[in-house]
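Okay, so here's just one chain, in structure tokens, the form predicted on its own.
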Amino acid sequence: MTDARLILVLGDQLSLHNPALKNARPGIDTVVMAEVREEAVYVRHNRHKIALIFAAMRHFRDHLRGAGHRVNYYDYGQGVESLERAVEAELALAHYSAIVICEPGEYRLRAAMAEWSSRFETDVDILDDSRFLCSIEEFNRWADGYKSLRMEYFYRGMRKRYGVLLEADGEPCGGKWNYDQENRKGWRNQVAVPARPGLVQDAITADVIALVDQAFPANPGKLEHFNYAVTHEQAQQQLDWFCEQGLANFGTYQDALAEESPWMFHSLVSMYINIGLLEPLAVCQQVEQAWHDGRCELAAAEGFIRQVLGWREYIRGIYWRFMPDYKHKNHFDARRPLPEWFWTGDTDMRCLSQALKQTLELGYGHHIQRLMVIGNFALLAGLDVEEVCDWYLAVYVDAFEWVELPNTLGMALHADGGMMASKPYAASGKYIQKQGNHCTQCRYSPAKMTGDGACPYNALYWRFIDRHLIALEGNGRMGLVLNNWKKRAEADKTAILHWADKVLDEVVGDAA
């Protein structure tokens, strides 16, 4: 009888801080990793995402082996159907006293793994994911004390807990907790955008790209543009570059939309944090130090840290607190089928086309493209919530259900009825015009409400307000907008609504 344990490492747990690996014993325990079909195909994942995860997994496998660990690895070509099948195959080869797993990030996997102990007649130890800075239980204790679960309250507590951007007396640096108002400047090509450094692909990454290109020919993603880090060292280099070259202008232009650059001054490290190549607290501390060193304004450092220490942890807490029911919420009863052009970007709306094509080709879009261009359109058009959420989960390299679902369903689509956001993030074409320069190259004008050449966002915005007037009546933040609509002449309202219906039929397609 042996006390050897089987340690399962998932593709988004590629960190030596993974609790399942912390007490792993080289030469005694066995680590199993697997590129399984079930995880690769349950949505139409962007090929950049699959390539990133498979390449990072293979590099992490080699790192573990170099440290003396026994790693049994199943690559995609071996045809292992699921993580359960991979574990089953390992148990057929040897006896293990227990199966050790860091809790997965998705509810469906967590529910399946809860059955493994009886399925395999082996102890299964599912460990809390200590790589997150707030455990699920801690978040629930916090949430139990609030009627309204606003991120700002949670974020301040996390700042205090980890001592980030605090004065000696515990007050926030600069006297304010949040500098979001200073980070909303639109883009008019005021500052040169620094060129991103290219990453040299080794043989492992090249093999993965060839595999993904062949195995997933119909998935989005142009792999000739693949430029993602696949090791901790590479990811750290990307973070270092951001702190030196991007952070100074990140805060000012983090909400900007630009024709000139898909990346702007953004860090592009969310995918590395989400799969374990970077640790969230260390990332925040490095950005904080950059501010102390005078490399950026406080607003830039705070805006970045809020996204990681605040928003990321908060979103995860929301996901686990309200699943599985959360996934099926649809507050506005939005059921219009997702247009096929969401998979091609072929629309005359310039801002939307740019955001969609960039997303599909590179697997990346920054938060305003996701929320106020794509998400805003989906909200105004009443696109089916489940289809939209599945699309977001598929196309972005940093998308895993725990982070994607609340961001899409709750923040972008307001389908949870305000559990997260205090109001729907709905906007007309004027917002998009203010944030960037897409409108100058668009056939539609944000200055026109109806008629040929009118920006579709405009009439759709007021159609959304009219259609959900009663549901929005109790929202204090919507009062001014609702009153503006009520005061319009009936003839104006009728013309706008008729035009909006025409736009939906011609641009979006048939309603459900």
Ligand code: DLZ
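When you see a residue number, it is the position in the sequence shown, counting from 1. Here the structure is a predicted model, which is why all the values come from computation and not from measurement.
Missing here is the form predicted in complex with this ligand; even so, the following discussion is about that form.
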Are any of the heavy atoms in residue 226 no more than 4.5 Å from a heavy atom of this ligand in the model of the complex? no
Does residue 55 reach this ligand in the model of the complex, with heavy atoms at most 4.5 Å apart? no
Since only the chain is shown here, I'm wondering whether residue 416 would be in contact with this ligand in the model of the complex (any heavy atom pair within 4.5 Å). no
Examine residue 36 and determine whether its closest non-hydrogen atom to this ligand in the model of the complex is within 4.5 angstroms. yes
Exactly one stretch in 434 to 442, 173 to 181, 108 to 116, 339 to 347 has heavy atoms within 4.5 Å of this ligand in the model of the complex; which is it? 108 to 116
Considering non-hydrogen atoms and a 4.5 Å limit, which listed residue (155, 187, 400, 291) is close to this ligand in the model of the complex? 400
Listed residue (10, 503, 21, 496) with a non-hydrogen atom within 4.5 angstroms of this ligand in the model of the complex: 10
Judged by heavy atom distances of 4.5 Å or less, which residues of 35 to 52 approach this ligand in the model of the complex? 35, 36, 39, 40, 42, 45, 49, 50
